[in-house]
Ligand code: UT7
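Here's a solo chain for you in structure tokens, the form predicted on its own.
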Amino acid sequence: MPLSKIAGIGKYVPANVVTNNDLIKYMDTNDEWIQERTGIQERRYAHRTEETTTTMAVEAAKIAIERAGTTAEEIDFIVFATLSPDYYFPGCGVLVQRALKMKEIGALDVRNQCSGFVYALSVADQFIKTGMYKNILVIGSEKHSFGLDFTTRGRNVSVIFGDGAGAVVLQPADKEGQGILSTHLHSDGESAEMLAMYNPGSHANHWGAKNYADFDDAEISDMFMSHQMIDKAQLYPFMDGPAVFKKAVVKFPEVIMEALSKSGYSSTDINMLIPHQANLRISQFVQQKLRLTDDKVYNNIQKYGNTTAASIPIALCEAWEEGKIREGDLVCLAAFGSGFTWASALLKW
């Protein structure tokens, strides 16, 4: 059974740079406060009306396809990871297929938030290994900026996130031992509400009701949209930062070591670790835990903030473009986020 390899990689980030000082116009915060807690100095925001999750994905995909030495017409499957789709449905996969004028190929959308790209990569890897497909486009793209609470109330979440997209083309490896060695996927929904966007949508049954007959018309209306939801910021993402941090610093090292152990490696064998850019403090903790030197961990959250599903492919692309990943290198990808879900992938570049 052949391994699958990343044959081409691309990224796209919006031109609009938003610094920490820019956010002072909207909320009570400052550069020192944000950098101390997250490591973020700036992030990119997509144009409000001209750029979408899909349009950014398309730009990243074009680069990945070209670098893979193939064409859009030769792509035979799409796996698209995002938590911020253009529409609630359909998913962005079919929009990419349309925009790139591809054949009537399959398009699968993955909703695993921060872990989405590694989950998507794992799905694509199985299709390549079984021989079902030979050119798979895997995308992580996010437009967070249109759905954040830009007030002091929402600052703990809103200062963290940015927009952007990354994409890879997966193909069968043509060299012995080259490609994705293993992927590892996990979830634990026990604390799902610690990092979530509760609305839009009805949560009646979540609160113990058996059916809508238990409520009158006014109560049902309030379930979908109400002043109470707006007043309590329930239409925006919620995050219990300390709880997420506490879980992440445990699961990140665990899932990385799981990948290494599976293939008979140790942390000292890693040439490059690309962690999901959740928080620079988390990445630094993981680096210290695994005893990795600075040149073996790639972080760019300082420039882009947390782009969730897009963060790993953007960082992977930049590291490769900067010559920090070379043929034969052992590369580990790892992510942790909402769900909670966490995942890793180990590659021989």
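The first residue of the sequence shown is number 1, and the count goes up from there. Source: prediction; values computed, not measured.
Note that the form predicted together with the ligand isn't included here; everything after this is about it.
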Next item on the list: Could you tell me which one of T29, Q284, Q35, N300 places a heavy atom within 4.5 Å of the ligand in the predicted complex?
Entry: T29
Check: From the list F238, F150, Y265, F245, which entry has a heavy atom within 4.5 Å of the ligand in the predicted complex?
Finding: F245
Check: Is the gap between T55 and the ligand in the predicted complex 4.5 Å or less for some heavy atom pair?
Finding: no
Next item on the list: Report yes if any heavy atom of R155 sits within 4.5 Å of a heavy atom of the ligand in the predicted complex; otherwise report no.
Entry: yes
Checklist line | Interface membership of L181, the ligand in the predicted complex, 4.5 Å heavy atom rule | finding: no
Checklist line | is_contact(C114, the ligand) in the predicted complex, heavy atom dist at most 4.5 Å | finding: yes
Checklist line | Among 273-281, 100-108, 69-77, 131-139, the region lying within 4.5 Å of the ligand in the predicted complex by heavy atom distance | finding: 273-281
Next item on the list: Flag this candidate site as yes only if I160, L195 and N306 all have a heavy atom within 4.5 Å of the ligand in the predicted complex; otherwise mark no.
Entry: yes
